[in-house]
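Quick heads-up: it's one chain on its own, the form predicted on its own, in structure tokens.
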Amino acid sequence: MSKQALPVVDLEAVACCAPIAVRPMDDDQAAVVAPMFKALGDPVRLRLMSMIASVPEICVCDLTPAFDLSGPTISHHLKVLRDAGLVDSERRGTWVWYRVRPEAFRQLGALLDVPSAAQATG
């Protein structure tokens, strides 16, 4: 896996894109959205995202024991999710707390929306 850092995603730019089942994306749109999907393409990050999304917020101290990985490795995966615009974090004393960014999920969901036959024929 590449160690190259993902660019921080601009959620405003993602909001501009029509569902991919309605109109093909151009190169610029795909470049904006790809880091979000890339971040979710790793099984560890997908599990972390599921754990974070299932509660209002969660401490890294509750995430780390769920994996057979070191703390720094979990922190790296969380940073990728954060840089992709999928989660926010807040340091409270020693620990960092994570919460999902609902607007990011709404935008990804909208991109993946497939219109029904009635909607498609107008």
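Numbering starts at 1 and follows the sequence shown. None of these values were measured; they are calculated from a predicted model.
The same protein also exists as the form predicted together with a further copy of the same chain; that form is not shown, yet it is the one meant from here on.
- Proximity to a further copy of the same chain in the predicted bound form, defined as a heavy atom within 4.5 Å, holds among V96, L63, V80, L40 only for L40.
- Interface residue remark: M49 is counted as part of the site for a further copy of the same chain in the predicted bound form, having a heavy atom within 4.5 Å.
- With a 4.5 Å cutoff on heavy atoms, P72 does not count as touching a further copy of the same chain in the predicted bound form; it lies far away.
- Contact check for C59: every heavy atom lies farther than 4.5 Å from a further copy of the same chain in the predicted bound form.
- In the predicted bound form, a further copy of the same chain lies within 4.5 angstroms of at least one heavy atom of each of the following residues of 51-68: M51, A53, S54, V55, P56, in sequence order.
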